[in-house]
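Heads up, the chain shows up twice below as structure tokens, two forms, tagged structure 1 and structure 2.
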Structure 1
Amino acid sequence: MKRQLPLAMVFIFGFLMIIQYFIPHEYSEWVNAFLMDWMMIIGVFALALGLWSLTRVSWDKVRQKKPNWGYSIVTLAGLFLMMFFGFDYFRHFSTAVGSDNYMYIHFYRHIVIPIQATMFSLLAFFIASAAYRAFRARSLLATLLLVAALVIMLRFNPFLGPLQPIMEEFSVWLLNVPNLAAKRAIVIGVGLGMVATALKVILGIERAYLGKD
């Protein structure tokens, strides 16, 4: 029972959503809108679950004095300070966006945004080190990879002179034509794979996620 009922639910809701697609009637649209709304609301509860997990793992580290436990205090402090500003009960409860507290905004602007942007910009370094390591003419395939990348990057070579527009044109062609073909092949395959996986889930063939007892 503990296992059969969830499986039945997966089957019913899965088929409901498939059938819903073919029914244009407004009841069907209504069902769709409802289910989507529900998912988002359940998501908020899940977030609470996630925060609990984060807090417990961090707290365990602090309590058991695991390596680097001091930094877990930073995590917990950041978490609860930001929560406090976000929910800021006494002064700014009135706004439905909850972001009226200026400390909340400052934390977002001066902690979240700069770190996020900097993490993102690390890619400029990593893309170079990955290119250095991987783009070697080891085999035919690696050579193709290497040559295609070089051709595209050559657009930025100022010493190219009159060859510049030709390179530009060729790289655009490369990005348009073979690129399109490969993407299409992958997308068609992925589409089939997704359908197969979803079917396996709905039919209950794939059920690892539902536990055992």
Structure 2
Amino acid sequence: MKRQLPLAMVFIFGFLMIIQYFIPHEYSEWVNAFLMDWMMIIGVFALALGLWSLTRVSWDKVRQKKPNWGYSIVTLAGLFLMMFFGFDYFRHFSTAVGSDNYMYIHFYRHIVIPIQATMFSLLAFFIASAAYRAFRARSLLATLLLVAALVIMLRFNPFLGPLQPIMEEFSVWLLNVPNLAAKRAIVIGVGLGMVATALKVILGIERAYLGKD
């Protein structure tokens, strides 16, 4: 019963969500809105489950003093501090409620944003290294990739003089014709993959969400 009930619910609700798009009736729209509301409710419970899982895993690392357990202390401290100031029970810490709380904004602007800037700065070096390896003209396709990348990067360069309008027009053509064609092919492929995966889940072929059989 632990397996059959979730499979039956997935099949029923998945089938309902598919057919309701093909039924032009007010009741069908009401069913869609009703199920969307339930998705929000389930999302709240999923958030609570994620918080509990993060807390338990981090606390186990601290309690057992596993490698890098100090980072788990920082994670738990940040989690509970942001929750504390987000609920805004103590007015002397804040000037507003919830996400407008002074300390909440202070922590976000002076801790989270600098950390994100650092991560993206480091990521830029990894991207540059990967681009250097990918753009080496060792074949025809690599040469085309190198030329296209140079055109895109140099299109706003003011030192090109009379060549800048030509480079800009050529870059627009690259973005709107070959790049867009490849992007559409990728999006269509991803869409077909999503449909195939959804059908496998609805029909019970894919059961990874149930855990190990």
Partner chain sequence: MSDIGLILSIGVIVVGLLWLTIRSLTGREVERRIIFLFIGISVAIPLLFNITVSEKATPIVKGIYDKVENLPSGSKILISFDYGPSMAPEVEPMSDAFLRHALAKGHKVFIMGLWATGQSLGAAAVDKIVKPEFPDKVDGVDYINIGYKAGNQGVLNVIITDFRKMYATDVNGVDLDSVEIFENIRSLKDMDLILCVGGGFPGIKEWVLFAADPGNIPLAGGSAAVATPLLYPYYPKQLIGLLGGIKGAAEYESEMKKNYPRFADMPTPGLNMMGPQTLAHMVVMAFIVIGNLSFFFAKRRKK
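This structure is a prediction, so every number in the text was calculated from the model and none was measured. Quick note, the numbers are simply positions in structure 1, starting from 1. C-alpha atoms forming the largest set that superposes within 1.5 Å between two forms make up the rigid core.
Taken from the form predicted in complex with its partner chain is structure 1; the remaining one is not. After superposing the rigid core, the C-alpha of P165 moves by less than 2 Å between structures 1 and 2.
After superposing the rigid core, the C-alpha of W59 moves by 2 Å or more between structures 1 and 2.
Remark: with the core as the superposition reference, the CA shift of L144 between structures 1 and 2 reaches 2 Å or more. Core fit done between structures 1 and 2; CA of F120 shifted by 5.2 Å.
Lined up on the core, W69 has its CA atom moved by 3.9 Å between structures 1 and 2.
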